[in-house]
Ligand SMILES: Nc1nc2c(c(=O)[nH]1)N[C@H]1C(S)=C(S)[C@@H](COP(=O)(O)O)O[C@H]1N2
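The chain below stands alone and is given as structure tokens, in the form predicted on its own.
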């Protein structure tokens, strides 16, 4: 089937308007660098049309010099760097939470709202230095990203935006990207320019970027102050105090089985279980895999490119006789963080940050 934006024919479309989709898990785990036609898409509004000739990136706020930069200015005047980074939507694996209890008005993502690419562009700290923002500062400032995409929430129209602390911005991995996997950004992935904030939820890597503001407080944008917040499992929409929610930023440790579908039937004998894991700004130290629902475990073999901003692929081999099995995976990062066993421990009415043990039931025989 022909998919929008030249995406793979097997792309799983979760929403047509705005377009939200991702790759089938088996295809997701076949290549460490996700081909652009398989890279997941998370949009909150329609993809904007950008006139590159009139396009400018505006930088202002608490800076010594406001800047107005064309894409050519960025490419010609700032060092080009490559960052190998995985982006993941905060709503990845929401379907599992929805199976426990209804989560209205949110996209039902499976395990596909994650992908990895090599991004090329300018370090944001270099661009801000040109605007007079010092790298060494004790000021608790924030950097707001604003996109060109128009969204509508609660009968109000506005542009998408979000922010991250200045301390993160001044790290070398945060870039203004104009290329993805060696090619100019495509329209659906943020042409002509997007922020890449490795280790943070994908919502902070704002696409179609047209302004950056250095300011005292986090962004007032709906998607920073309201939408992307985490609440305790007992909180419900009718009882929520929005100020109590945790403003999402860094990703937690997680792992997912990609090689098998729920209730899949496989042949007896050797069975290879594969998938991905990641831990925000930390490395994966170990991945454990079980075939009996978590009663016993074996340690998986890990495959990665030795960067904490990238996912880790893993593989574990079992020899299974006919019967029913529950495959389970859990990861541990280099700070000894691991995943909660039960999905009820992480359920929340927005469906964010699900990192409970991932389970897949299979039938052998």
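Positions refer to the first chain, counted from 1. Since the model is a prediction, treat every value here as computed from it, not as a measurement.
Unshown form predicted in complex with the named molecule; subsequent notes refer to it.
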Requested in this report: Please check if residue 189 has a heavy atom lying within 4.5 Å of any heavy atom of the named molecule in the model of the complex.
Outcome: yes
Query raised in the report: Within a 4.5 Å heavy atom cut-off, is residue 316 in contact with the named molecule in the model of the complex?
Result: no
Query raised in the report: Given that the partner is absent here, does residue 194 sit within 4.5 Å of the named molecule in the model of the complex, heavy atoms only?
Result: yes
Requested in this report: Indicate whether residue 94 is a 4.5 Å heavy atom neighbour of the named molecule in the model of the complex.
Outcome: no
Query raised in the report: Among 103, 271, 141, 89, which has at least one heavy atom within 4.5 Å of the named molecule in the model of the complex?
Result: 89
Query raised in the report: Among 329, 28, 41, 310, which has any heavy atom within 4.5 Å of the named molecule in the model of the complex?
Result: 41
Report task. Choose from 197-205, 127-135, 288-296, 169-177 the stretch whose residues reach within 4.5 Å of the named molecule in the model of the complex, heavy atoms counted. Result -> 197-205
Query - Any residue of 219-256 that, in the model of the complex, places a heavy atom within 4.5 Å of the named molecule - result: 228
